[in-house]
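Next up: a single chain in structure tokens, the form predicted on its own.
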């Protein structure tokens, strides 16, 4: 797929076909993605490709926490606290489009909670991955890991695959660290669901809008 087309066509996939992704394809994607830029070539990322058993163990543990009201201290705020109106409006619009596609009403608290829980099964994807950042890097290092993650999203499309980035995993960093056993020198950033998109599911039918060029760019 042409890289320019891939950038514009990429979307968060939240329903996947029941079709295995070969290890060879996963390795190809990660081998390509490792060429992401990073300051001083620090490459401050690690990625953990999880077995089906580990994915299930993570799902069971996190859902048990949720159902029993057990919380952990997140590594970071997924959304700003407090959040300015222009950012809040974009988040609200994103939610409106997603829940609208699923026909889950604003008052349907249980339906929305059940959709949140889908995060922790990697939305049924055959491949689940966790991405960590070296703790010692500053804020710019997180940006470098972002380049790596974007490479995964785009290169996956060339293999007919889709992805969903899941910062929701940061809600339970202690559980994830215990099960995956990554180093204390790393901080969990996000999960990545990877698989073949289920084009027939309504959740994959909507697209979020983007700001116009004149709204975010200044030519000085």
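Residue numbers count along the first chain shown, from 1. Predicted model only: the values in this text are computed from it and were never measured.
What follows is about the form predicted in complex with a small molecule, which we do not show.
| query | Among 28, 151, 175, 168, which has any heavy atom within 4.5 Å of the small molecule in the model of the complex? | reply | Answer to the contact question: 168.
| task | Would you kindly say which of 205, 18, 22, 208 lies with a heavy atom within 4.5 Å of the small molecule in the model of the complex? | result | It is 208 that has a heavy atom within 4.5 Å of the partner.
| request: Can you check 157-165, 175-183, 45-53, 30-38 and let me know which stretch has heavy atoms within 4.5 Å of the small molecule in the model of the complex? | output: Of the options, only 157-165 has residues within 4.5 Å of the partner.
| request: Give a yes/no on whether residue 10 approaches the small molecule to within 4.5 Å in the model of the complex, heavy atoms considered. | output: Answer yes; at least one heavy atom of residue 10 falls within 4.5 Å of the small molecule in the model of the complex.
| field | Contact of residue 113 with the small molecule in the model of the complex (heavy atom, 4.5 Å) | value | Result no; residue 113 lies far from the small molecule in the model of the complex.
| query | With the cut-off set at 4.5 Å between non-hydrogen atoms, does residue 75 touch the small molecule in the model of the complex? | reply | Result no; residue 75 lies far from the small molecule in the model of the complex.
| Partner proximity in the model of the complex: residue 123 to the small molecule, non-hydrogen atom cutoff 4.5 Å | Output for residue 123 is yes: heavy atoms within 4.5 Å of the small molecule.
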